[in-house]
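Below you'll find only one chain, the form predicted alone, shown as structure tokens.
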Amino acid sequence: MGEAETLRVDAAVIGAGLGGLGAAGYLARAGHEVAVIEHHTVPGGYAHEFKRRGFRFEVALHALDGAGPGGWLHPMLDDLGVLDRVEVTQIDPFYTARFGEFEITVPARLPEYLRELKAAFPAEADGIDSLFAAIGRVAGDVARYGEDRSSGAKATPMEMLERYPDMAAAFSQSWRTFMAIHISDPRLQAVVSALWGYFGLPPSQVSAGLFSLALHSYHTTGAWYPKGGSQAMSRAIVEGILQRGGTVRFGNRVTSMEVVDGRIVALETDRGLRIEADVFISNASPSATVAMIGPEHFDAGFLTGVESDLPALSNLVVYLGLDRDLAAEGWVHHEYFLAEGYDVEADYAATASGDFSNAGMVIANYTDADPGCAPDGHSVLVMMSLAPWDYANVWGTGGALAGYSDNPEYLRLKNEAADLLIDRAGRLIPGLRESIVIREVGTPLTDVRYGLAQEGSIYGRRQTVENLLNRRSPRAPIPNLFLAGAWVGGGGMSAALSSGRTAAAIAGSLLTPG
């Protein structure tokens, strides 16, 4: 326990993930005095890095959508000062995907991508045009909806159907149903669904609206990667907060929040820090937020909703430092998606059961997009598969996480799983295992340890059709408490920043202008 200290600010933000940083950045930009509390020693949450013997490993980010001019993320990065401090570069080609023996390299630009798809599936040419035209209409509706909301217009459910018909239809059905209206070849459906791992769900479950918006954003405004990795973005936002007079405290875990007359008045941390504020924004999961405050302060309906939320899948990640330059050898893929065949639903089933020999996986050569992450002549290669929390009785721990990293059964299971991914990648990159000089493995338990993620979820709440139709509100039953992050705004770094901006706008309306 540290020496007791009390701070008084306008707004307190719990968690320095991108949702919390986005909220704090926007509040500080509006002139409000802000304090951010983070349990870890660095900012970012999943927008994070770690270093080993000259190698810098990106924890989570593969590619940002909308970060270029004209993209939906670009204004937020500009507002938060990221673009003044960090160079973002476009990734093109976007990725390569392999389904059994079929391989396709996907250009970032939509016209070129459509040409590639039609060349591979000429019988579906008209359907390909029809599908991407429908995706464009969904994006158009969403943009118009956002503009209307910004102007204060609120539509009734019937008016929503009339004014935004493509958006309404897409968000009420799965991506598989949406695709089937336009294309029928299951191989083509698998190919255009290659990014399903970005959402943690297969085409039969993930929202068509969400998937459509992501495809449209990536292929119209580009896929981007920040020089220095995602933590460079996190640090840039922190610098902006500090320059505007804000406070960011690391190594402090919020243990409780004080409620007086139905409003939160203060939070306290495990290091004796007390922060009093007018508004509070939590970037923690709703369940963790309830635990910090106490369930007695929430109504039954809210608690039922929180208890029924199912976390999205976590991941298994193998981080490798190699003593060879893969790009110089011809491995120029920033991302390489590997599937054993065209059955994406089977890939998901293998993933959800921890069958890492058959689960869909991605191989990312970060040195391609960010050469500074490895010493000259070396490479950073990362393999990732989604992974279940409860695999092999919670990865051999039985749920007892204290000291898990020394548990022999945990070590055996995680290394066996990592070896399976390395072996699969090694069939594409001969001599891979022999060139490894650094090896680190992350599991769902790692995500809990460093990110306090519920069951290690990397996307928060599952991004199903039902959950996207019934998004959790950033408003909580306590009138000066607001929520940000993946559980509210959806998974992904762009969505996390957007959720922070939304929470800041609502919370800021309760504060005296700075």
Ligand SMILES: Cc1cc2nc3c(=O)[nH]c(=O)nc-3n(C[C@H](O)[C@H](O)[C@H](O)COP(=O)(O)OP(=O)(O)OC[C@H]3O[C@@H](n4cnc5c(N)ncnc54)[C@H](O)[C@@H]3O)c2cc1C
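Remember, it's a predicted structure, so these values are computed and weren't measured experimentally. Heads up: residue numbers just count along the shown sequence, starting at 1.
From this point on, the text means the form predicted together with the named molecule, which you will not see here.
Stretch 457-465 is the answer when you ask which of 457-465, 23-31, 49-57, 475-483 has residues with heavy atoms within 4.5 Å of the named molecule in the model of the complex. Think of it this way: in the model of the complex, the named molecule has a heavy atom of just one of Leu326, Leu83, Met292, Val394 within 4.5 Å, and the residue is Met292. Proximity to the named molecule in the model of the complex, taken as a non-hydrogen atom within 4.5 angstroms, holds for one residue of Ala359, Val254, Ala417, Ala374, which is Val254. The putative spot formed by Leu18, Tyr450 and Ala496 is fully lined by the named molecule in the model of the complex; each residue has a non-hydrogen atom within 4.5 angstroms of it. Though the partner is left out of this view, Val317 does reach within 4.5 Å of the named molecule in the model of the complex, counting heavy atoms only. Heavy atoms of Gly44 reach within 4.5 Å of the named molecule in the model of the complex, making it an interface residue. When contacts are judged by a 4.5 Å heavy atom cut-off, Ala350 does not count as touching the named molecule in the model of the complex. For the chain shown alone, Ala503 is not a contact residue for the named molecule in the model of the complex, no non-hydrogen atom being within 4.5 angstroms. Residues are counted as partner-facing when one of their heavy atoms sits within 4.5 Å of the named molecule in the model of the complex; in 278-311 these are Asn283, Ala284, Met292, in sequence order.
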